[in-house]
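Single chain ahead, written as structure tokens, the form predicted alone.
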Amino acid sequence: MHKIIITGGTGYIGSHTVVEFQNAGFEVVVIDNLSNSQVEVLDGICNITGIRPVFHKADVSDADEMEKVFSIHSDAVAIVHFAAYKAVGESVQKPLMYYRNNLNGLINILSQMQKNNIPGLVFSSSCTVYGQPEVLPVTETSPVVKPESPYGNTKKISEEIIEDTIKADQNIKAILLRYFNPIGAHPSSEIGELPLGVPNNLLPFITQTAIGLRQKLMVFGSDYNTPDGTAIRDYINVVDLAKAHVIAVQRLINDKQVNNPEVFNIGTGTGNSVLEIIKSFERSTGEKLNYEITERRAGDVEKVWGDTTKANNILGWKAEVSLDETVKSAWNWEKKLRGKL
């Protein structure tokens, strides 16, 4: 049984990825400082898989803490690195906090990989590295530009740090997954997106509004150059996304890489506007949503969606869950949280 370390493993994408790795027969070690998640997520993971992963409450940006954790798990074959701050709007307000946390965390992980001879890294990157693309859909060879937000810029710089580290140390092999907008929840409703405080992402704000936690949803901008004037994103089911990480680690273990690092877009290949997501929610759940159009939000790009041909053909991964099914899973998760399922 291969051991892997998942940083940020009690977070939204991380927890779903832990489930998929355990289902695939891996031994999983989770590192998380619980700054934007709850330890009870481990209960949900255990309820789905029957296995409670080894858990270390630790901060990846603390070099001493990483030294202690990695000394215990130096037999890991790969790291899946999620742990980072991830709110676009907050990063515009607090850029130094984002640069300090996200970049130091990655540097500490890479340092421990070198020290403990752990060869594989799957890095949680983002479509934000493409900024506002001139040509859509974006491919892996589309220009990487200075992103619109400090959050996005930490992802761009992180990719560069990984590339430079590999040039200096060929023992490290990496796959960078640039994903688009993850939404939805596990079909069991045992885990899902659980933002602490006011949600920064669209779908949890929709579900919290529909259940009565929020008065109304604010739609940021109606004057974009899009069919209905609202921003367009490529919304990917979180379980589909999680499965891509398992395939990526297996590719590293089996030495199937063509380049080092390899880069893959992980999305559906289709763009949907904010209003289309609202309509999907109302259609799939039967709930009417209270929303209001307001001004654009700093740091947001107008429209972006991905060409996923490379991931489909080379990685052997494809998005499978429909938008309506994905949106409904988020609603079921919200109802379960509030005792209404």
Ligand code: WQD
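Keep in mind that this is a model prediction, so the values were computed, not measured. All residue numbers are counted from 1 along the displayed sequence.
Another form, the form predicted in complex with the named molecule, is not on view; read the next lines as being about it.
Stretch from 160-168, 69-77, 199-207, 113-121 whose residues place a heavy atom within 4.5 Å of the named molecule in the predicted complex = Partner-contacting stretch among the options: 199-207.
Name the single residue among Lys310, Lys279, Arg297, Arg52 that comes within 4.5 Å of the named molecule in the predicted complex, judging by heavy atoms.
-> None of the other options qualify; the answer is Arg297.
Val144, Leu136, Met218, Ile211 - the one with a heavy atom within 4.5 Å of the named molecule in the predicted complex = Contact check passes for Met218.
Quick one: is Tyr235 in contact with the named molecule in the predicted complex, heavy atoms, 4.5 Å cut-off?
-> The answer is yes: Tyr235 has a heavy atom within 4.5 Å of the named molecule.
Could you confirm whether Val263 comes within 4.5 Å of the named molecule in the predicted complex, counting heavy atoms only?
-> Judged by the heavy-atom cut-off of 4.5 Å, Val263 is well away from the named molecule in the predicted complex.
Using 4.5 Å between non-hydrogen atoms, is Val274 touching the named molecule in the predicted complex?
-> It does: once the named molecule is placed as it appears in the predicted complex, Val274 has a heavy atom within 4.5 Å of it.
With the partner left out of view, is Thr268 within 4.5 angstroms of the named molecule in the predicted complex by any non-hydrogen atom?
-> Contact check for Thr268: no, nothing within 4.5 Å of the named molecule in the predicted complex.
Report yes if all three of Val239, Trp305 and Thr326 come within 4.5 Å of the named molecule in the predicted complex by some heavy atom, otherwise no.
-> The answer is no: none of the three residues contacts the partner (heavy atom, 4.5 Å cut-off).
Along 57-82, which positions have a non-hydrogen atom within 4.5 Å of the named molecule in the predicted complex?
-> Contacting residues: none.
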